[in-house]
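Next up: just one chain, as structure tokens, the form predicted on its own.
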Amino acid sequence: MKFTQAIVRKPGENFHQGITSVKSEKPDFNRMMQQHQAYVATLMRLGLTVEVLEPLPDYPDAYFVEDTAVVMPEVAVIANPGAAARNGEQEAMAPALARHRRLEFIRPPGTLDGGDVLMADRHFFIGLSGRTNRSGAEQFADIAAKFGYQCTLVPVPVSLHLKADVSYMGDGTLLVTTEMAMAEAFEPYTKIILHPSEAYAANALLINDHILLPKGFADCRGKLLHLGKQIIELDVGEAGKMDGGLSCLSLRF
């Protein structure tokens, strides 16, 4: 799938008040903005037209736009976030996506975060996590089936989202943590298994034959070189302090 568009949202000055399990130094707003701007510039360099939305002060996590929707060539599915503090972000995203796609919606009692939905060609893996429940996953699968996609539900035992543990690198290859490498759903795929010390790098992005990789994971970079794709390392350290990563920061289509 060639990407031509992306939607991002600027972090607000209160982004550090979002939900996080990371116990470290307080995130820095200026560094966050520098990293976010570099991320946007990279998407543009790869040929995407990027729409930059303004912050949502009432939702400090709203710059993690991936969780609000899943975009296919045929339709955009508006999510129903599983964290009460984030439920409402999807309503602010719907008008932007309506300019590009027809919309479908995940309805209560279903919950679904976009970070739990991994697209691998014409197949979706849907993580059952603390944010995405079975009702939300099955609603998404029913919508996707109308357009010819297959879906597989995958339990996420530890991480916040499925895509914290696995990314699709094209050509039937997954970049995956040791925790998820043995998942039955992934058996047919070639797997690049990360050293546990580099598990954060599992959240990588394949965009137009380039791989965006978090900066500072040399072993992972070495394991990806044989794929023959250009690797671009980006510093997303401030997003990482808020349980986020590369894929979280944009909706790509």
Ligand code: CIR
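Counting begins at 1, following the sequence as shown. This is a predicted model, so every value here is computed, not measured.
The next section is about a form of this same protein that is not shown, the form predicted in complex with this ligand.
S.K.: To test your reading of this chain, name the stretch in 142-150, 172-180, 72-80, 155-163 whose heavy atoms come within 4.5 Å of this ligand in the model of the complex.
M.R.: Careful reading of the contacts points to 155-163.
S.K.: Decide whether Arg101 counts as a contact residue for this ligand in the model of the complex under a heavy atom distance cut-off of 4.5 Å.
M.R.: Contact with this ligand, no.
S.K.: Is Val236 part of the interface with this ligand in the model of the complex - any heavy atom within 4.5 Å?
M.R.: The answer is no: Val236 has no heavy atom within 4.5 Å of this ligand.
S.K.: Mark Ile19 yes when one of its heavy atoms lies within 4.5 Å of a heavy atom of this ligand in the model of the complex, and no otherwise.
M.R.: So Ile19 counts as contacting this ligand.
S.K.: Determine whether any heavy atom of Arg86 comes within 4.5 Å of a heavy atom of this ligand in the model of the complex, and answer yes or no.
M.R.: Yes, Arg86 lies within 4.5 Å of this ligand in the model of the complex.
S.K.: Can you tell me which bits of 211-249 touch this ligand in the model of the complex, meaning any heavy atom within 4.5 Å?
M.R.: Contacting residues: Met242, Asp243, Gly244, Cys248.
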